[in-house]
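Next comes just one chain, in structure tokens: the form predicted on its own.
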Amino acid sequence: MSSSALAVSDRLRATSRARHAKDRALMVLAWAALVVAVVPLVAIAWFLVEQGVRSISLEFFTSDPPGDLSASGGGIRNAVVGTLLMTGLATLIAVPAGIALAVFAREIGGRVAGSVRFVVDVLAGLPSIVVGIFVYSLVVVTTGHFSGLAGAVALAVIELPVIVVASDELLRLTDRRIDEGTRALGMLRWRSFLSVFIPTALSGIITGVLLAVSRAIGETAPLIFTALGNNFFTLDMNEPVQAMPLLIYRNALNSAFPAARDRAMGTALVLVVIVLAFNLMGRWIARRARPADQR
């Protein structure tokens, strides 16, 4: 073999060794990142299960908390129902408004769409306590009392930017050929969005809605200023309504009492399980919404 061929072979081996070293380093970094992400999650989950499972019982879900936080017994029935009611109503408010804003931004375009996206980004960055104070001034002061409806409005404001951003991104990524096809068929713009664009992006929109619900369902600060909380079971959204984050907050403040601490940890565990259930259900719905060849 000539000297030039040997030199080329040596360079190739050196290059190959360097690439293998870079690949190994990248894999080490990837596994390190996985550990950094998983360890805190596992630690939190283990802590919640260890501390909260002792409070879980049938009575915990079928009874309301005692008026005296230091008293043992009681449950979280009113908090679970109140959380689901307020989050459900908030989602019913935020989803149509969020999709409508995303469609408006995509259809209008230009500076108007840019302004809408900027306002939505600013809204997404607002601290939740600021949202709570705003809705307090807008709804609670106007009506003269705290209510579950005010809490739902606050949660809807928190959900709105997440839904707008997710819907806008999915609509903007829609294949241009679909847009051209609807125009060629002479479909009206509103009909094309309802019949073509939104169904095409439905799985991504559902994912955005679930992200919004997952964020809103655990918010505490807005509900302090709006829903306030209630030790009694109620379905009247025009009255103060209890929620799981509020119950956790108030019992955790009195964690010097073992009963209050147990209620807080048990409620936290239930809240995490509910969020997990929503996410799993959303993944299933999103999968079912995809075309058969993409599942």
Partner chain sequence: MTTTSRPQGIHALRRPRGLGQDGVFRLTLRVVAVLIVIPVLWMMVDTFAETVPVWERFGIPGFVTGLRWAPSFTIYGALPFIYGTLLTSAIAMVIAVPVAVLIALLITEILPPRARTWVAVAVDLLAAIPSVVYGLWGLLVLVPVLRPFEQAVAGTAGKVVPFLAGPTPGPSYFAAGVVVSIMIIPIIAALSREVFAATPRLQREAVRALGGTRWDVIRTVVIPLGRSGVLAAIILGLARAIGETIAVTMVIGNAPKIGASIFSPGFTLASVIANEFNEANQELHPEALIALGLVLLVISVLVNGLAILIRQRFARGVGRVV
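Rigid core (definition): largest C-alpha set, two forms, superposition within 1.5 Å. Computed from a predicted model, the values in this text were never measured in an experiment. Positions refer to the first chain, counted from 1.
Missing here is the form predicted in complex with the partner chain; even so, the following discussion is about that form.
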Is it the case that G125, even though its partner is missing from this view, gets within 4.5 Å of the partner chain in the predicted complex, heavy atoms only?
yes
Heavy atoms within 4.5 Å of the partner chain in the predicted complex: does L85 have any?
no
Report yes if any heavy atom of T220 sits within 4.5 Å of a heavy atom of the partner chain in the predicted complex; otherwise report no.
yes
So in the predicted complex, is the partner chain close enough to F232 to count as touching (4.5 Å, heavy atoms)?
no
Select from the listed residues I56, M237, V49, A252 the one whose heavy atoms reach within 4.5 Å of the partner chain in the predicted complex.
A252
Considering L171, L101, V80, L149, which brings a non-hydrogen atom within 4.5 Å of the partner chain in the predicted complex?
L101
Those residues of 33-59 which, in the predicted complex, come within 4.5 Å of the partner chain by heavy atom:
A33, L34, V36, A37, P40, L41, A43, I44, F47, L48
Determine, after fitting the two forms on their core, whether R111 shows a C-alpha shift of 2 Å or more between this form and the one not shown.
yes
Taking 2 Å as the cut-off, check whether the CA of P40 shifts that much or more between this form and the one not shown after a rigid core fit.
yes
